[in-house]
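The data below hold one chain only, encoded as structure tokens and taken in the form predicted alone.
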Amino acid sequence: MKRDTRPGAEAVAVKGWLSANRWLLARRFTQLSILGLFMLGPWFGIWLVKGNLNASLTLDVLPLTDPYVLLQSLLAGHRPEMVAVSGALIVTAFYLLVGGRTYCAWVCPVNIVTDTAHWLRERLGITGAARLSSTTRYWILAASLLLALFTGALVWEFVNPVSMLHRGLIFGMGLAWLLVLGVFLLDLLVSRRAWCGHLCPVGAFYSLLGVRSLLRVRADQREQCDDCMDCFLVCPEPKVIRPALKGAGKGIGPVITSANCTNCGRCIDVCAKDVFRFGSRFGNRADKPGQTTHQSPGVEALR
């Protein structure tokens, strides 16, 4: 019988399918639940949540505002209501604790689209990819803020795939779906994780927000790593893993400290050796100088 070499296959064999996909399933449940709460009003007239991911009011009590949208609004010269400011402060405080790009993996509905494109890309064996710099998203972020400043309008929100997807679900087919399809095809045919990993200014903004966040993925059992490479293959930001996983003897602790980590938990899911877990940024003790860790050619190639 041919051995299944897909990432996570060993974890499924060791831990079972449910345990090897628990964080993926939790993310999908969270994303679809949040989207469903927004859709209850327009579709069924049950207004538990009013608004969208840019600004909302839950149970007519809890305001939530995207701080990125609020910042654009301020630069455009708009004077926001205090409820919008309060909502932005609540959201900012939350992501300062759990990590800004947790939004990308656990809330953003476009993540479902890009993950599906990546899954299909792997199944079809598409390997060609355009070279895109991960810093491009920060240039796009800066451009969106400058456009708001000089035009007096929230220009980015006219083409934001998250906003467009929400409008498409409410009002039906149109330009919104063409834009979402474009993101899907970009990730499928042009480059691996092109949108979320290289271009999206929303992800760029939230990565800056979560630079010092408390919740982190940790590789506390990194000495058990057998260099299977599964964590690197499933991670949407694979460069964030190597320092924590292969930093033994180099003065680097086991905590993934990069702000670009999305806290998606896939590295935890697919690791048959239980190297990774969720924890805090504290206790990031480095191994004693002089200790070394074997590194496979595959890991070296990711340098």
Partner chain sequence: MTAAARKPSAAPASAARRRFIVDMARTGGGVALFSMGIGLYARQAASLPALALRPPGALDEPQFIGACVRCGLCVRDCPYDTLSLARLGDEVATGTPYFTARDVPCEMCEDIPCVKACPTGALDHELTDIDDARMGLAVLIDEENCLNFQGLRCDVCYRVCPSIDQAITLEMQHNPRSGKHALFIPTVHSDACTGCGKCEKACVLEEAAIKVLPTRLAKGELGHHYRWGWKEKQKAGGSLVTPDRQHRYNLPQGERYDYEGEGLIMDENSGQTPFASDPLDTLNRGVEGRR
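Keep in mind the model is a prediction, meaning the values are calculated, not measured. Residue numbers count along the first chain shown, from 1.
This protein has a second form, the form predicted in complex with its partner chain, left out of what is shown; the following refers to that one.
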Its partner chain in the model of the complex: contacting segment from 125 to 133, 227 to 235, 208 to 216, 99 to 107, heavy atom within 4.5 Å = 125 to 133
key: Within 4.5 Å of its partner chain in the model of the complex, all of V12, R28 and G279 (non-hydrogen atom)   = no
ask   = Does W139 make contact with its partner chain in the model of the complex, using a 4.5 Å heavy atom cut-off?
value = yes
message = Within 4.5 Å, heavy atoms only: does L57 come near its partner chain in the model of the complex?
response = yes
query = Does any heavy atom of L165 come within 4.5 Å of a heavy atom of its partner chain in the model of the complex?
reply = no
message = Whether S73 contacts its partner chain in the model of the complex should be assessed with a 4.5 Å heavy atom distance threshold; does it?
response = yes
query = Considering its partner chain in the model of the complex, which of L147, I112, L89, L189 comes within 4.5 Å of it through any heavy atom?
reply = L147
key: Interface residue in the model of the complex among A248, C264, I241, V69, criterion: non-hydrogen atom within 4.5 angstroms of its partner chain   = V69
task = Using the arrangement in the model of the complex, list in sequence order the residues of 245 to 259 with any heavy atom within 4.5 angstroms of its partner chain.
result = none
